[in-house]
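Here are two versions of the same chain, shown separately as structure tokens and labelled structure 1 and structure 2.
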Structure 1
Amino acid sequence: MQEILIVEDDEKLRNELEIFLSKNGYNAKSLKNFENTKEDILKQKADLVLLDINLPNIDGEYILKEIRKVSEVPIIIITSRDNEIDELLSINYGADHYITKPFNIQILLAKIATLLKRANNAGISQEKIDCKDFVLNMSKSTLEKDDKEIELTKNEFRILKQLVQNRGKIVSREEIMESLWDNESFIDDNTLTVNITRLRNKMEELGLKELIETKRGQGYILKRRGE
């Protein structure tokens, strides 16, 4: 079931959206505390975010801008600000839609369905990610460079995929370990270290030396070419 995160301080509207979206087949959740809004949104890893601009102690446009630095999650702005400047800013900052209150909830539902379908299709169609230095083959779980190809284990592939998706940014060990958990296994700190070492060794076989850099006390970063 796809998850929608509602970031709205109006309790009545928030509850109405939760009920309506739940009845229409979505797992709807809400933020009720806005002290660490950006971090809480990213932590939820929702499939889509409904974001109000007028939030307590912080501006939703700033939150939108910050999220877009690290995530491409579909975001629909829902706001009472009915002016072209705010709409233009939101779109420029990366919003997928801008809806002003009061809005037709059926239209909102249609926009949600369209965005989620688009996001799913994009994920399915991207069989290979061209990373300039190498290619990550999503369908075969392989690392490719020139005419050479190396198979990656499930964990090695997940680690490299996460680093690729956040290239140039530090990814914490905790974030990587969380992405490796599944119903069958729990990845601890030592296991992560072993997997990182094996992944580095495989990359070096293709001449991709020192692309994964350790940031002491912070995590790992996949460097951009030429850095």
Structure 2
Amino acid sequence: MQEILIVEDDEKLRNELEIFLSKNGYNAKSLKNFENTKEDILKQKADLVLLDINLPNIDGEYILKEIRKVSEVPIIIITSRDNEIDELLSINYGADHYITKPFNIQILLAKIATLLKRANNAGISQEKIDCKDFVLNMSKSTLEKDDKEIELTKNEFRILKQLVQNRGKIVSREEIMESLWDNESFIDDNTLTVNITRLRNKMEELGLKELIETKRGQGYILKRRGE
């Protein structure tokens, strides 16, 4: 499990972030005191650091620069300072991303995932998700079953991925739309229906019939085979 270190002085925000990241499959840890922040961060050897730039009594930018001297660990700056200059400065000092509070949590997740993938990715990484009945190929954006393979559009792929991640649970149309919107695909209700239909047809071509079930008034559910 990949480890994320949270460096944030607001206790509640820190705890909730920890809970949230743990729920989403990361090993989240956080610093509780900020006396030797730089050393503590380096000691943890986390895979990624979420760094609040306004820590008590310390200059976050200084810490950022110091870490960059010795480590290439991905760093996402979280801050409540919302202006262009601070953002540019942080990026110049070596931050990988800059997110302002209050943040869109899905976007934070997406950024974490991208950064971790890039960091781990010297070719090997989780490029395929094995879903028992079929395999999602992340890099090619395809759906594979046995030796057959079918190409999915960006939207179809995202929808299926979201259903896979919530397999056995109902995912509402709104949730699907929200996640598509977060990825800048601003579709409307009708387009979603069309996308789902096409996705179903493509799955059927591979013999994956009736795997996506409509729950009237609630959303969709990706069933397990044999259910």
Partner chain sequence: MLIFAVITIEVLLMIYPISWVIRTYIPVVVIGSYFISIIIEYIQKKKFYNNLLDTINELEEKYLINELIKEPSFSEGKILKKTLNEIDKSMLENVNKYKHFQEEYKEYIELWIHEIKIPIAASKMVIENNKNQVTKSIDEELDKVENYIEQALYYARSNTLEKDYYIRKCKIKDFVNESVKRNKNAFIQERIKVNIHDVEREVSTDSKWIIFILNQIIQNSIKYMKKGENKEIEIYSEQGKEKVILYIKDNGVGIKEEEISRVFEKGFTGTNGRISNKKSTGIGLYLCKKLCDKLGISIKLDSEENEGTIVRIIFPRSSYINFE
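Structure 1's sequence is the ruler for residue numbers, which start at 1. Rigid core (definition): largest C-alpha set, two forms, superposition within 1.5 Å. Predicted model only: the values in this text are computed from it and were never measured.
Taken from the structure described as the form predicted in complex with the partner chain is structure 2, whereas structure 1 is drawn from elsewhere. Once the rigid core is used as the reference frame, the Cα position of residue 212 differs between structure 1 and structure 2 by 2 Å or more.
Residue 67 shows a C-alpha shift below 2 Å between structure 1 and structure 2 [criterion: core-superposed Cα displacement of 2 Å]. With the core held fixed, the Cα of residue 39 is displaced between structure 1 and structure 2 by less than 2 Å. Core fit done between structure 1 and structure 2; CA of residue 163 shifted by 45.0 Å.
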